[in-house]
Each structure stands twice: as structure tokens, then as C-alpha cells.
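The chain below stands alone and is given as C-alpha cells, in the form predicted alone.
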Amino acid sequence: MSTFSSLPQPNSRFFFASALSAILGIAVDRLVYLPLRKNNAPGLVFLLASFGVFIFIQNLLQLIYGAQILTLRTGPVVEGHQIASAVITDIQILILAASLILLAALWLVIDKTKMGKAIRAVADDTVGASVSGINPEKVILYAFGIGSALAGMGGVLVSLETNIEPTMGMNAILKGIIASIIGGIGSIPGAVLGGFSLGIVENLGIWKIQAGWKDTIAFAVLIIFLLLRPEGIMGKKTDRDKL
């Protein structure tokens, strides 16, 4: 197992990861998604393009770093705190605290700032936002930058707890999609609630059965929500859902 010995210290990893991720996200939008938007491509094309970009970046990372497992941890593994029958480490507490801080910051940006209101307007109705004086392309650029920066920070937090490898992103993407559907697409509190709900159900499930069934439990929960409540916990039913 290799380590990134040349990387900066943890307090600066967030800055470098978020900055590089934001630049990468903006570049992907300008090179891939912008031409699709100009040609009025259907949603399925955007979905296929996103998986194409993911595979390209994944293989590029394998070309640069190889397929071996890497780690950012340089010290010994520290035992955690015993809470009831669970063990919580200091790193897990740090991840939870940082996630809550980032969540609060994102909510303030989306709900209270002018740019956040513009992002919501473009997400609801691009044409209407454009008529009201909002530049949709500028807003989309900011949204890609913010989202990609948060993804970079999340990657650093995950790497403090687990080993990292080029193919680890697919599982995170699938769980993120499932959590968003459970909580309600388009709702930030819903996505958080969906993520916590999914994590609790998964870990309670493997408490009694083997850990290899964890992904099966996640997809079973997804199927249940798609059948019984497709709008999610905090989502609102559309006119189509009411028919």
C-alpha cells in the first residue's frame, strides 16, 4: 500500500482538493455539457455523457497513479470511543462535524444569497429565469464550481477514514443517487435526511446479516421508495404523480 507522502498537510488538503475539483468541474461543463445544451440534447444524453466523463477521469487516474490502493493516513490507527455497542473514531467525528458545517454553509448560499436564488430559479425554469434577467450559463458555471468543490472536500474527508483507489467513486455516486431519491430530488435537507436514513438502514441491516449484503439493502430501499413514494421523504408530488 502506498501513501501520498508529498501531499500537503490535512489543513491545506481541503483547499487544494476543492480548488482543483472546482476547476475540473468547470472544465467538464464547458467542454462536455455546454455543447449538449446548445444542441438541446435530451436528458438521457446528459446522463450518458456524465458516465462517459466518469469513466474517462477514472481511467486517467489509473494511468497516473496506477490501480494500487493508496492512503493519506501516515500515523497509526487510533482506537475510537465506545458508545453503547458502537465504536466511533475521532476521524469519524471530524467527518460528521465537517459535513454538518459544509451543509450549513451550502444551505446559506442557496437560500440566502443572490447567486443561490438564481441557481434555484434556473433549476426550476431556465427560460423564465432568462426572461427575468438571469444569465443561465453563468449560473450553471457557478453551480458546477460549487458542486465540484464540495465533491473535492468530500473526497478528502472520505480518504481520512478509508483507503482510496481510482474505482472507488462509483459506489459513492450510486449511494448519493439513492440518498437523493429517498430524501427527495432537489431538496438539500432531503438529501441529508436520505443519506442518514440510508446509512442507518444499511448498518442496522448488516448488524444481523453479512456485510456483503450492504449494497443489496441499499437497492432494496431504493426499490421500495420508487414503488411507494417516488417523490422521496421531503419531495412534493407532481401533477403526473397524482394521476
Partner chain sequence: MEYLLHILVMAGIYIILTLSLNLIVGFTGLPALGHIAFACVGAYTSSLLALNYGISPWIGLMIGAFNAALLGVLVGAPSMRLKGDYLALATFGLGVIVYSIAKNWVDLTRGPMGLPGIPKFSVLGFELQPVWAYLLLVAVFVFITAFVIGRIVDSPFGRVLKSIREDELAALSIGKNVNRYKLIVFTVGAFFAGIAGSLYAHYITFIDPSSFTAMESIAVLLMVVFGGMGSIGGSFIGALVLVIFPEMLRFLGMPSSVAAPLRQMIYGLLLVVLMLRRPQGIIGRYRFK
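Bear in mind the structure is a predicted one, so any value in this text is a computation, not a measurement. Numbering follows the first chain given and starts at 1.
Keep in mind that the form predicted together with the partner chain is not shown, yet the notes after this line are about it.
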query: 4.5 Å heavy atom contact with the partner chain in the model of the complex for all of I140, S159 and A172; finding: no
query: Residue contact check: I185 to the partner chain in the model of the complex, 4.5 Å heavy atom; finding: yes
query: Touches the partner chain in the model of the complex: I181 (any heavy atom, 4.5 Å); finding: yes
query: I206: touches the partner chain in the model of the complex, heavy atom cutoff 4.5 angstroms; finding: no
query: Touches the partner chain in the model of the complex: F15 (any heavy atom, 4.5 Å); finding: no
query: Partner contacts in the model of the complex for 35-51 (non-hydrogen atom within 4.5 angstroms of the partner chain); finding: P35, L36, N39, P42, L44, V45, L47, L48, A49, F51
